[in-house]
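Here you get one chain, nothing else, as structure tokens; it is the form predicted on its own.
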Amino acid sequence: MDLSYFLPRTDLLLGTGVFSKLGEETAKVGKAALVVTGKSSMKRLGFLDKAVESLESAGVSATVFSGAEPNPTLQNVKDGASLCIENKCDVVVALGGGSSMDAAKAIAIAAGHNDIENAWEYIVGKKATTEKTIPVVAVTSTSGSGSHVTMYSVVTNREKNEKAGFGSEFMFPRKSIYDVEITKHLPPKVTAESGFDVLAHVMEAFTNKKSNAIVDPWCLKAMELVAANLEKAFNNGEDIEARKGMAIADTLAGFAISAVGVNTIHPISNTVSGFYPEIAHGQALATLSQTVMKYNIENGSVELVKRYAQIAQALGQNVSGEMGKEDALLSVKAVGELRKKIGLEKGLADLGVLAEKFPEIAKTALKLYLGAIQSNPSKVDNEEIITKFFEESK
């Protein structure tokens, strides 16, 4: 069997108490850090002050940019990059969830290339990301995006109603610090949304056209960990073992999508959030996942049907030895049950998405994410199919 796999360059520390290593690890990469974080939670919980203290005690100066919004915007990137250049920062520290990671990686590109005004050109692939990218150190606060070990970032251009995902080998974090003591502070809603992102990542990677024998075990193990731990973490944020389980699942999911990417669920969900930035990424994924899964099962090969049956099995469903279509459809049932348990059962109408916008959103998804959509295991090649996904997810 022929396959290709690019080994990422991230050094990962995962466990309890590893946050204390931030300054020591960052000093190996740079001496002047731009700390990119969101507007409130990391500061309110005291982790921002601890980060600055750790950096400065290790001889790394720290400049704070607390402007990373949920679904970070192009303006966030430009503002952060300006601050980075102004303070001559040579390393970017991402502190927070996936949005902080997304913003930090894009800031590292715009600042490293000293090309703030053309930042969107890098994001949509019109300009190449090179080794000029400033190195990134990731400190994640959520078990969700996998961004602490991936080369991907997603940024929203509000003027264009576009949310574009992009990636480059130069965007892998050099260092990644995953302290589960931070994740236990996540509120239930964010735990649910970020946790579903983990599940979507591995379901998409496992059924992607590029899926292979290297990533398959990661995907299945991550699914099992989500099934065993997400509801527990949602119901009791202090359950440190559940948080550890989700941290491992999140990391495995990051490895998997770095190797083979996603397919249709992520692209169309990202596009919905581009039009409606108030919709959380994980909620959009949950809303659209079952419709795409059903389509893939109904239109897929025998091998693909078997893969969905394996997903069902990993999520705790009783699957027959036949691993046929009925078994595969149990994966859709399992996802629906999980959505209800963690409060993500809303449809597009509940989220305020207007039906008349469906064709435009579908058109934009194909424009921005054609490559990922073409990796879908069942053919999705026109706006009508994507529009139907939206209609069936109302």
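Nothing here was measured: the structure is a model prediction, and the numbers come from that model. Numbering starts at 1 and follows the sequence shown.
A second form of this protein, the form predicted together with a small molecule, is not displayed here; the remarks below concern that form.
The partner is absent here; in the predicted complex, the one residue of K232, K127, K221, H185 having a heavy atom within 4.5 Å of the small molecule is H185.
The contact residue chosen from S99, T207, T287, S176 relative to the small molecule in the predicted complex is S99, the criterion being a non-hydrogen atom within 4.5 angstroms. When contacts are judged by a 4.5 Å heavy atom cut-off, V215 does not count as touching the small molecule in the predicted complex. With a 4.5 Å cutoff on heavy atoms, G80 does not count as touching the small molecule in the predicted complex; it lies far away. Remark: S211 does not count among the residues lining the small molecule in the predicted complex, judged by a heavy atom distance of 4.5 Å or less. Contact check for T264: no non-hydrogen atom falls within 4.5 Å of the small molecule in the predicted complex.
Contact with the small molecule in the predicted complex, judged as any non-hydrogen atom within 4.5 angstroms, is confined among 222-230, 320-328, 99-107, 302-310 to 99-107. Candidate site formed by V36, H113 and T133: none of these residues places a non-hydrogen atom within 4.5 angstroms of the small molecule in the predicted complex.
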